[in-house]
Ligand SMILES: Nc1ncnc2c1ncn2[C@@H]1O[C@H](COP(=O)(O)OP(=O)(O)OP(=O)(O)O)[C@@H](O)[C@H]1O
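As a starting point, one isolated chain is supplied in structure tokens, in the form predicted alone.
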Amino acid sequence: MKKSIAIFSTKGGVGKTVFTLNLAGIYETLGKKVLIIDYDLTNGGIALSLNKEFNKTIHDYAYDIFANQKKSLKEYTTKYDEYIDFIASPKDPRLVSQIDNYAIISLINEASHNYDVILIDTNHVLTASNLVLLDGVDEILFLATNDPIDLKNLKNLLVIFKNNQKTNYKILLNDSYNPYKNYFSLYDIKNIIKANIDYTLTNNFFVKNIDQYIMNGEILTLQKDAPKVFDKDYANLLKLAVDYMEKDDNNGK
């Protein structure tokens, strides 16, 4: 069974793109074929972070569906390495209005025939296109930080999910985003959002020279010393990745 996972947050700048890349790296170490979809349509950073030139974007995919001239999925993807491909966000934000909201569902469905894991990086705005995305993926992973505004917004969103009986989400507390923000304890955070924290990245995963990795197009979790240097956080990421795959196995899919 293939797995599509949307990485979402209720506040911008919480590390979604870097996290998405690191999770892709973990899945590569597990031998899984991964497609990263950059669905931050107005400010995507996947191609930049991987330091890769690309010819086609998700806009080309959506436009070709509309024009009834869609080619094979391979025509729209860019290869990072033998395990990871990506589809870039539009180069021009003005093209976003031309992307049909349901093109992302078509893309996920088609990609599920070619990839083991589909990771979708998003922005934090509850636009119509993001709502369609969140309804169409197998799983949603909320990134939360130790920030009052972020936690308040997440609490409100979780209420909406509960009212609509949506339960296909987990929450990751990203303490590596800013190790100097430590307003609340884990106990306090759970009380604020009225939900459990499923996974945590500690402040030990904070990398001062992360920009250098981006400039070099490198994924941190694919570095040979990552399991040793970031042992606890690497193990947490590995557990998260395996949990998603085992969920399907346990369901007999």
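In this text, residue numbers run from 1 along the sequence as written. Note that the coordinates shown come from a computational prediction; the quantities given were computed from them, not determined experimentally.
Quick note: we don't show the form predicted in complex with the named molecule, though the next part is all about it.
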Item to complete: Please run the contact check for G15 against the named molecule in the predicted complex: heavy atoms, 4.5 angstroms, yes or no?
Response: yes
Fill in: 4.5 angstroms heavy atom contact with the named molecule in the predicted complex for E28
no
Worksheet item: Is F206 a contact residue for the named molecule in the predicted complex, using a 4.5 Å heavy atom cut-off?
Response: yes
Worksheet item: Would D211 show up as a contact with the named molecule in the predicted complex if we use heavy atoms at 4.5 Å?
Response: yes
Worksheet item: If you check N146, T77, T122, S129 against the named molecule in the predicted complex, which one has a heavy atom within 4.5 Å?
Response: T122
Worksheet item: Just one of F142, Y83, Y115, Y177 has a heavy atom within 4.5 Å of the named molecule in the predicted complex. Which one?
Response: Y177
Discussion item. At 4.5 Å between heavy atoms, only one of the stretches 169-177, 105-113, 129-137, 91-99 reaches the named molecule in the predicted complex; which one is it?
Written reply: 169-177
Worksheet entry | Heavy atom within 4.5 Å of the named molecule in the predicted complex - qualifying residues of 37-67 | D40
